[in-house]
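First, one chain by itself in structure tokens, the form predicted on its own.
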């Protein structure tokens, strides 16, 4: 099938996935007794005493099942076979045909069936490498079988072999088994197992899997490599599935509904699904890539040096002009013209250099220097704040140890206060907010820099967007610093009333920060990115620490847990939630709950399940 329209049509399936157009969750891929982490069985919980609460691992598991699922190697084979059987049962084709079609369409069974229904089986099969594109296939097969005395002529090694020593693929091309094995060995070694094609010139038909396995049955290592590559093709050729990039590799894969989302593997490794780098929302993958490149090569510093210095024509060292005269004298003793960079004598006046003239414009040079200085200052502004927030996140382990020491001291004074799930929640929210803050500065650097998105915003619109974003960013930063101060500063351990007020202040701020992050993301998703038309802006949405939702719902859950643990309404003052944060603690202040010690551990975001009498 020829023609540019057809070529374009067959490329439609390769477009990036839309972000979250389908809200149905993937079923769990771990099966009974599978290895999907985070989930906890609730079979025995139905007869509980009414004090059941969802633990943090269960909450993360439910959130994960809404957005993505973890696939281990045991279930990878099952999932792949289900996809193959779906296509085979409808088309009535072989496993080789079904796999070739699915690989060609990135393991999208609906795209396979829909394309065949609309474009016809012959066109699709030829594109997928299931029908020979060579017009000489029949003549080729006839020539191979024309040997005298029942022999087969191999047109590769030009030898005559018996029919049992030759193999014909589905396209009709027949060669001796030795040539087939060598062809397969080379292609499998070069990573071409998934698209192992016929070696006839211009054919391109995918080799039948059963025949390949029969030819390689005596070479066990090569056969195992071939089979393993076919199995892993479900991940390698699938846009919706990616290997976990953990080092060393854990062996798990992630299947996601959305291309732009932040995922967590069963091994605990967290990464961006789109680029497999560290989680970096709200900045995009392109922003992160360019930012890391700037940090590696010092491009901003190089840009400033290029605009503010000139290389001495004698020693080639950069020289910065520190006066108004255009005659510059290097430390090596060489004098040269600042405007054109040519070596000159030292005799000069304020406006000219004796024996030298050039046509460069002084105004242009000064404008370039001023622009470079502004760009460097702007870059350093965002770089300083980005690194400060990342550095604070790296101190997570130290902060947890300090908090554990405070908890131990508090329990010695007041043994009745033994439930510290609220502190787990606050620490988790604090570290998450630090990460969001760090990458929000990268987002601001590119979004409002009039470079990457210069075509999308006028100077006036850009200023409005920047003011709106920085307002939400500033509110979040203020709340984060307040929470950090409350957790790190000495606690009022001696007074039970003061400690209760301190505790509720931490709970209030943690819930408020969750909403502040949500508000910042709303500005990005609803006010800024819809105006961008020049390129796609893929930003992983903020899902918070809670499986119940985001923003006010997540904050409400924190208050409900605090109230159930014996807390009342938060204290009055600056640490109260703002007007846009619901305060269910005030409504449920009379509610009591049972206490059970919850250790301060990394990744613990809520209370564990407790039974009566614990």
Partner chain sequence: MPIDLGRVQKEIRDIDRDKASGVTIEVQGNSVQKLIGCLKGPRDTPFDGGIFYVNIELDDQYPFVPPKMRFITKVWHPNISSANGAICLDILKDQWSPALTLKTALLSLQALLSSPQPDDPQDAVVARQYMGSLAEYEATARQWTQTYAHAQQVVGLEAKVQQIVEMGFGREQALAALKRANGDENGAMEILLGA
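Here the rigid core means the biggest group of C-alpha atoms that line up within 1.5 Å when the two forms are laid on top of each other. All values derive from a computational prediction rather than experimental measurement. Numbering follows the first chain given and starts at 1.
There is also a form predicted in complex with its partner chain; it is not shown, and the following applies to it.
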Heavy atom to heavy atom, is residue 247 within 4.5 Å of its partner chain in the model of the complex? no
Touches its partner chain in the model of the complex: residue 211 (any heavy atom, 4.5 Å): no
My question is simply whether residue 182 lines the interface with its partner chain in the model of the complex - judged by any non-hydrogen atom within 4.5 Å. yes
Contact with its partner chain in the model of the complex for residue 75, defined as at least one heavy atom pair within 4.5 Å: yes or no? no
Name the single residue among 403, 505, 199, 235 that comes within 4.5 Å of its partner chain in the model of the complex, judging by heavy atoms. 199
Which residue among 335, 223, 155, 499 has a heavy atom within 4.5 angstroms of its partner chain in the model of the complex? 155
Taking 4.5 angstroms as the heavy atom distance cut-off, pick the stretch from 527-535, 464-472, 185-193, 427-435 that is near its partner chain in the model of the complex. 185-193
After superposing the rigid core, is the C-alpha displacement of residue 185 2 Å or more between the shown form and the other one? yes
On a core-based superposition, does residue 474 travel 2 Å or more at its Cα between the shown form and the other one? no
My question is whether residue 520 is one of the residues whose C-alpha shifts by 2 Å or more between the shown form and the other one, given a fit on the rigid core. no
